[in-house]
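Read the single chain below, which is given as structure tokens and is the form predicted alone.
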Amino acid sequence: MSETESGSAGPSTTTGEIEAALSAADLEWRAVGADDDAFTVAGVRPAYVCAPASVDEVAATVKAASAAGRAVIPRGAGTRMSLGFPPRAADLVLQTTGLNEIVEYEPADLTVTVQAGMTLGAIQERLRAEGQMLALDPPAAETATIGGLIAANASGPLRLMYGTARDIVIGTRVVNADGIVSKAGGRVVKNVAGYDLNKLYVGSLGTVGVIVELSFKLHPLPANEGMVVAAFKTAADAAKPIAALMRSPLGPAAIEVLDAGAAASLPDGLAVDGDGVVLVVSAQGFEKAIQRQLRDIQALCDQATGVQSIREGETLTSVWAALRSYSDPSAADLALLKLAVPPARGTVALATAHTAAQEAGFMPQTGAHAGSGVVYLRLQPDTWTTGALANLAALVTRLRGFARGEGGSLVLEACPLAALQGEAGIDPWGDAGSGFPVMRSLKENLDPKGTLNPGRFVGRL
């Protein structure tokens, strides 16, 4: 594939026919110019971009594209477009940002239903006025749309306490590949009938349906919060208090570990160097419980240096920002590797990724949701030379072998386009495993023409 291709590898509908179909759908659309890369998807420039303002317009658009044999790329704010293979075709980018309203909000029931194009930041602002929150804290919350975050199954440090999107989505409304609108679950917490199809759409990258509406269960805003920050000489030294925390009844909201590269973004006085790591433990709840938790957590960190408790103010805000930023895939010229291992092996995975990246010639930034066993390795050299790309490929292979040995996996969430190209291009997803035949069957049944995001998902589905 060349650096930027355009158009479709698909069947053969004339330009006039697809334009007539878009015009018939009566929505805002435009052709993409030869020098316009604003909506390019992994090197493939789409022919058209449209921005439906209603669910009916999304349905009409997908129906028209499907009938014309054209590929549709669903897109929110574009903060997660780095995930996946380059598409086999990208005739039409369908932006969901016009779907940006709260459909139904019942504070007394702790539930909300929103359209997919709302940003997470806008949703949180509305909920905050009622003393509630959506327990999802991925990076780029102010700009990322909720539909895009759910399609990518994005999460953040608070996944330890509240779980991930699969734990809080109670209802979905989608436009299927044939343009028919369907829904799963509902707008109340007690939905127990039938299959839980919500989980089919979480993390599906828009390959089996365009998410247009989502219902969530909510949580009260924590009454108080605090953090313990402690520096350790090595990740292995931090493993002991983490293991004790996980066995204890303290119930921390988040347990994060940052290597020296990732900790450089923390406020002054919290940095480490060499093989050192910073452990950050968050506690949320009522004041007396917070005081007890912070005291007990500090006692567990007796082998650390610079142990301090942070309760409020600019420093607390800055630490939270740093904890969420290291897993942000939206920066240019970034490679972001995500390892998932058993929680008890989180610090081992962080140390392994950090050391392997250094041996491959990179200056790594490595952070872990240590209580959940999720490790992010962030690489951003000055230039991605041919040698650096080769080192990245070798590093992915090495760490994928490590993760597999731990019973886990590795996904390349972002990388330079050149790393995916050619016969030696990196597979961003890795081995699909024994469940792949089921995934392929679902895709073939739900999207037989390959209309939605063709080729981007696991196994090039």
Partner chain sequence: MAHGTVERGIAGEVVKSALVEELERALGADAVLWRPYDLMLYEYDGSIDKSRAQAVVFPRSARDVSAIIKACNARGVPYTARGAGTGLSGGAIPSQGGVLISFARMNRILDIDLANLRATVEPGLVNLRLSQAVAHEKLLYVPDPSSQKACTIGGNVGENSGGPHTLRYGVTTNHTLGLEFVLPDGEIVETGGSALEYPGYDLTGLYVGSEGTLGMATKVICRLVPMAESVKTLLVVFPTIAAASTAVGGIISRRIIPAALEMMDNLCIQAVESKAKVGFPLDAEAVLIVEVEGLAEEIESMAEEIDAVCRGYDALDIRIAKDEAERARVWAARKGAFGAIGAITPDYYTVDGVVPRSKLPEVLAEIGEISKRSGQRIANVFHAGDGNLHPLILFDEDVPGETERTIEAGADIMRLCAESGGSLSGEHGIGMEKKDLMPLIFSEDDVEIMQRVKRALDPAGYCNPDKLFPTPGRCLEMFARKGSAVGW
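Residue numbers count along the first chain shown, from 1. As the structure is a computational prediction, the values presented were derived from the model and not from experiment.
Separately, the form predicted together with the partner chain exists; it is not shown, and the next lines address it.
- Only one of 160-168, 73-81, 351-359, 227-235 lies within 4.5 Å of the partner chain in the predicted complex by heavy atoms, and it is 160-168.
- For the candidate set 381, 276, 185, 98, a heavy atom within 4.5 Å of the partner chain in the predicted complex is found for exactly one residue, namely 185.
- Only one of 345, 324, 88, 240 comes within 4.5 Å of the partner chain in the predicted complex through a heavy atom, and that residue is 345.
- Taking the partner from the other structure, the partner chain in the predicted complex has a heavy atom within 4.5 Å of a heavy atom of residue 408.
- Looking at residue 36, you'd find every heavy atom of it more than 4.5 angstroms from the partner chain in the predicted complex.
- The closest non-hydrogen atom of residue 431 lies within 4.5 Å of the partner chain in the predicted complex.
- Residue contact check for residue 318: none of its heavy atoms lie within 4.5 Å of the partner chain in the predicted complex.
- Along 438-461, residues 438, 439, 441, 442, 443, 445, 446, 457, 458, 461 each place a heavy atom within 4.5 Å of the partner chain in the predicted complex.
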